[in-house]
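Only one chain is shown below, in structure tokens, and it's the form predicted on its own.
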Amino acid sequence: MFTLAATGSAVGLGNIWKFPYIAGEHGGGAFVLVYLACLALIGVPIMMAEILIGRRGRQSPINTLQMLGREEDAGSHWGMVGFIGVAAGVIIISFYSVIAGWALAYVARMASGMFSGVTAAGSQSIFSALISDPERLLAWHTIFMVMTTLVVARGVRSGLEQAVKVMMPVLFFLLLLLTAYALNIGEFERSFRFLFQPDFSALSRGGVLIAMGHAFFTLSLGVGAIMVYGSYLPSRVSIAKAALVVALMDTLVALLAGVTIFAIVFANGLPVAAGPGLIFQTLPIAFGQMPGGLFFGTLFFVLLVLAAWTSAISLVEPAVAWLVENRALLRVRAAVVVGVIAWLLGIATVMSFSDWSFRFRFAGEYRNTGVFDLLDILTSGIMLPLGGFSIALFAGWAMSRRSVRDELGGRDGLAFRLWYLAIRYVAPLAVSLVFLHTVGIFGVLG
């Protein structure tokens, strides 16, 4: 069950919405290669560290790190690491919910036939009308937050487990169905070359940093979600195998989504570097012009909603768990409190696409959506790398070698020594580069 729940946490908008558009913006193959290297050298070792910390503490992330810090004579101040992660999760769900609201809106629009034979100008007009209407965006944002809060309120066992048991198999089925559809209709071979034939001249320094930051975002690292799931992991289950399976499934979904989307984009002569609106502006054109496209287009956005829902549940769970443990709140009330806070913060993102928009420069590129971009940069560029760096330090330096070895099987073999080397030196160094470069670029060019 852990693998399914953790995969549900990892697989979401980051795989199906964000990965394709950032890969398209940063040259395809070279970006993907850097991203895969970051998953292997940073993502998997830190995921293993989060799981073992969660399993050893068996509490919410904040309480787990406080307790283990005291047990390992490293101090209870490590609880702040958990607090940063919990805060990042609430911030992410606030804007994540708005984007998921777009997907909900597009399920209805696609099913109604609105995109039948639509032109590029027509598709852009429909998308612009949606995101520039605060009342409509707020309504979809509200619906998605209610969906998420209802599942979280039911608890990990009766809520999350039941949800992912249904959602994840359906998600993979729909993605495979759409991939088969793209294989027959789109330029699958060209799409494959675009994503797997590296051209490093097309990759900027900013692209490298974004690839490393996305490795955290896509695996839900640094927000405490994986730590929460680790707290439910039985002692007999191998942490290394569980982490590898989750990372492989997460990567498979991202790559399948990318190949599928770009095959359809290429088949219709559409731009690959369309930014956040890639799937909302370009894919409806493709689906609207293809035989059976409206049916498969509806399935695609249903897939996107399911992926967003499973991830959203995991982003809310750490904050809810802390309120239940430390403020003696009933789970339903805690879920409502967190949901309302995220909903209120999400209003700023809703307004950032209209009246509250402003332009700023980051990593040599201009951003136009104000609060939405700022929150994305704050979380994926700063808070998640900082959280991942701290988790690596805690597992590699604050905890004793014996403690971490016990959670990883009790053997001091080659596999353990390689992981220990990665968590103590490789991952912290790599994450430091992401964090320091991100802050540095923002300071110089912001």
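Treat the numbers as computed from the prediction; the structure is a model and nothing was measured. Residue positions are given as counts along the sequence shown, with the first one as 1.
There is also a form predicted together with tryptophan; it is not shown, and the following applies to it.
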Among the candidate stretches 275-283, 106-114, 308-316, 182-190, which one is within 4.5 Å of tryptophan in the predicted bound form when only heavy atoms are counted? 308-316
Quick one: in the predicted bound form, does every one of 54, 228 and 391 get a heavy atom within 4.5 Å of tryptophan? no
263, 92, 86, 212 - the one with a heavy atom within 4.5 Å of tryptophan in the predicted bound form: 92
Picking from 97, 148, 349, 220, the single residue whose non-hydrogen atoms come within 4.5 angstroms of tryptophan in the predicted bound form is 220
Is there a heavy atom of residue 423 lying 4.5 Å or less from a heavy atom of tryptophan in the predicted bound form? no
Indicate whether tryptophan has at least one heavy atom within 4.5 Å of a heavy atom of residue 384 in the predicted bound form. yes
Looking in the predicted bound form, any heavy atom of residue 430 within 4.5 Å of tryptophan? no
Under a 4.5 Å heavy atom criterion, is residue 20 part of the interface with tryptophan in the predicted bound form? no
Can you tell me which residues in 120-151 come within 4.5 angstroms of tryptophan in the predicted bound form, by heavy atoms? none
